[in-house]
Structure formats: structure tokens, C-alpha cells
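What follows is a single chain, given as C-alpha cells, in the form predicted on its own.
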């Protein structure tokens, strides 16, 4: 009898092991497409970019290993430093202007929720789904020097000083003109995301705050903002990384001009890689963008984690 029970137990263990093995094989084949996708479209391009950054090539010519020569040349490139300055400035003002503005709109729409809230959500999010080319065309229509919306408005109102301003041709104004269009185009996503997170805050907290006599802004500052600590951190990372990769709007509205007034790292990379055919230097700029994005992402989440632990 004991022998039969032992054989049954052994057979059960073998069956269980076979079932686990089959499950592991099934899981492996399920995630294999995702692994292949990451290797082919993410990890290999990153590795190839790092390798190309150490060479001198036009993409068609033979690759010549030059070591860190491309990186050393970047330190003597005025256009590269102008692009670096602009993306840092863009990231800073995005966090300082776009995120608070988006929070104000999201909180207001949620706090005063009514039948117009959903249509307004669609209105704010609409610019975010427009192709960058259309957004850039609308931006040029607004700020064009001769026929632009602002210039036409200045003519109608008789404000010659406004009608005479060339927003996109003035080195001191071009950056802010593009930033204004970007704020209109990108803030819709932040608004919708923050609204979805605000709506997850228990209704009881707001009712308790109102019973205690808390004002709207007191409720926002003491309850809503602490609850949005992590979502705002994510949006700050998106702002920073998006700024480092910024290319489409400045390129289509001003091509980086006038001079280098609106040039970005993305535009500099494009010029070196596809206009000057210097793939090695373009790859080096790509590596700089990747490293900076990684560093700022880790830094922002690390600082946020320390703040959470302090609280």
C-alpha cells in the first residue's frame, strides 16, 4: 500500500513539474515578440548609435574609427551649445509654466464639474492630436509678419507697434512665439492626465474639507497637490525628455533661426546627419540626448523618492 502511495506521489510530482515547464514555455513564447521588438527597434539602435558616434562616416562611405573625436568637436560647436541652452531653457519653462497652467485648468474643470466639462476636455485635448506640421502651420499663421493673426489684429485695432512686430524673425521673440504654440498644443495632454488623477481622489476628502471650512485653493494645496505628487513628477520627466528631443515645431516654424535663436539639439543632429552627411557627429549628439534624458529621469525620480521618504 505504501509503495502504491509513493508511486502515486512521485507521478503527481512529475505531472506537476511537466505542467510548470509547459507553462514556462508558453509564457516565454508569449513574451518573445515583445523581446524581439525591443531588441530590434530599441536596444540595437542604441548600441548602433553609440558605435557610430566613435566613427567618421557619411553613411555611405567606409567607417573610420576616430574615438572620442566627435565628442571633442561638440565642445567647439556654437550651434550645439546654442541648442543645449535652448532645450534646457525649454524644459525649465515647460515645468514652470505649462505644468502649473495645466494643473489650474484640470483642477478648475474637475472642481466645477458640469455638463460642459466633457466638451471642454475635448477642446483642450484637440490640439494634442493634430499633426506637428498642422500645428506649425497654425503657429506661423498666428505670428507671420505680414498676414499673421496678431499683426492683422494690430492693424484692425490701430496698434502700429503690434502690427510691426516680426515675432518669428526677431531673435528675442522667436523662442517665445514657438513656446506659446507648444504650450497650446501640448498642455491638453497634461490637463486630461491630471483630470483623470484628480477624479480618483475620494469624494469624501473634498466633503470633509468643505465641512471644515476649507476654501477651494486650500483644498487644492493641502489635499489635491499632495495626491498628485507622483503624476506631476511623471509629467516633469516627460517635459524634460520631450524638451531634449524637441525638433518638429522649431524646425518647421523657423528652421532654428533667426541665426541660432531657436535651434535645438534635434535640429543640430538633423543638420549634421542629413544635410552635412556627418553621421558620426550626429550620432554623438544622439548619445548626448540619450544620456541627458537618462540622467534627468533618474535624478527627478530620485529627488522625488527622497522627498516622499522625508514626508
Partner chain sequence: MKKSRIFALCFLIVCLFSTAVLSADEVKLTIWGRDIPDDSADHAYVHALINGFQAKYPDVKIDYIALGDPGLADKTKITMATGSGLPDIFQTWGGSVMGGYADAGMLFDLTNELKGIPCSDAARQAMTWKGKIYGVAPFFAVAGIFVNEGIFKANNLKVPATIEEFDKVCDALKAKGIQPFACGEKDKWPALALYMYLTNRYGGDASAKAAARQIPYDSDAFVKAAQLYQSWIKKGYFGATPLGEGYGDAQQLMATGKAAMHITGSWMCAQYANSEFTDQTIGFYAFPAFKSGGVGTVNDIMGQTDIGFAATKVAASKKDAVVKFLKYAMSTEACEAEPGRICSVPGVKAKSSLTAQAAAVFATAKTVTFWWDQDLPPSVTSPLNDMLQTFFLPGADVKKSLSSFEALCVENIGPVKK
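Numbering follows the first chain given and starts at 1. Predicted, not measured: the structure shown is a model, and the values here were computed from it.
The discussion below concerns the form predicted together with the partner chain, not included here.
146 is the sole member of 215, 114, 146, 200 with a non-hydrogen atom lying within 4.5 angstroms of the partner chain in the predicted bound form. Heavy atoms within 4.5 Å of the partner chain in the predicted bound form are found in exactly one of 275-283, 26-34, 40-48, 238-246, that being 275-283. In the predicted bound form, at least one heavy atom of residue 253 sits within 4.5 Å of the partner chain. Contact between residue 227 and the partner chain in the predicted bound form is not found at the 4.5 Å heavy atom cutoff.
Residue 140 belongs to the set of residues with a heavy atom inside 4.5 Å of the partner chain in the predicted bound form. Using a 4.5 angstroms threshold between heavy atoms, residue 166 counts as touching the partner chain in the predicted bound form. Taking a 4.5 Å heavy atom cutoff to the partner chain in the predicted bound form, none of the residues in 181-216 make contact.
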